[in-house]
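Just the one chain here, laid out as structure tokens, in the form predicted on its own.
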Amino acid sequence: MIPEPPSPAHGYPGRLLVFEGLDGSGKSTQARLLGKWLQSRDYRVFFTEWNSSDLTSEVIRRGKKKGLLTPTTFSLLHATDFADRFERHILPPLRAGYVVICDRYAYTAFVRDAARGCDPKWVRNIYSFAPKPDRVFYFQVPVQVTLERKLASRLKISYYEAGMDLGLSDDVVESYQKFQGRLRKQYDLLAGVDGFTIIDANRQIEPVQNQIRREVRPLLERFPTAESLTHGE
């Protein structure tokens, strides 16, 4: 029989891995690559991403479309979305011993809400139910690089992604640079406070993924695979 793996800080038998960073930093691609790699090694994996709750997604979409969201409303809606996502999609597999990979976690709210002028302590209090992850990978990349990637992909820069609601600039590109710069500053502050693992995301996909795998391996020592659980080893 495989000995029980060390109990993580959050107290659940699973592992909680979080990917954070600016839009266009490559975190989503890397999160999915890690999930596929872990599955290939027979670990049970559950993947979840920001704004994936059905409870508030339509309300948020309509609010954005009509420009009705104040920073406080934005914060409360996203907190509601995350609470539902956590209760229904994160906590059950974490309790069941899965490796849960989160493309964005509560730290996204800490960063975005602070950049929009909300009190950081107030925001953290709202998310006090969210346990500390086993590892937070922060994909650190210059704002200009994310802008170039966005333009190269021909994806439209959204109104809120550019922080146009804050009146930073009438030009969407300039507003994007200013707002994303605010987000980058907040992420850099959190990295030290919350002990993020900083990933230099201004590199090719393969070396970034290799670094992430090296960081994850120690967290899975004596951690059961699907096969070991099936055979009761």
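These numbers come from a predicted model, not from an experiment. Residue positions are given as counts along the sequence shown, with the first one as 1.
Here the subject shifts to the form predicted in complex with a small molecule, a form of this protein not shown in this document.
- Figure note: of the listed segments 39-47, 22-30, 181-189, 163-171, the one touching the small molecule in the model of the complex, with heavy atoms no more than 4.5 Å away, is 22-30.
- Contact with the small molecule in the model of the complex, judged by any heavy atom within 4.5 Å, is made by just one of K132, H89, R149, R124: R149.
- For the residues S158, Q144, S153, T72, the 4.5 Å heavy atom test against the small molecule in the model of the complex is passed only by S153.
- Using a 4.5 Å cutoff between non-hydrogen atoms, R62 does not count as a contact of the small molecule in the model of the complex.
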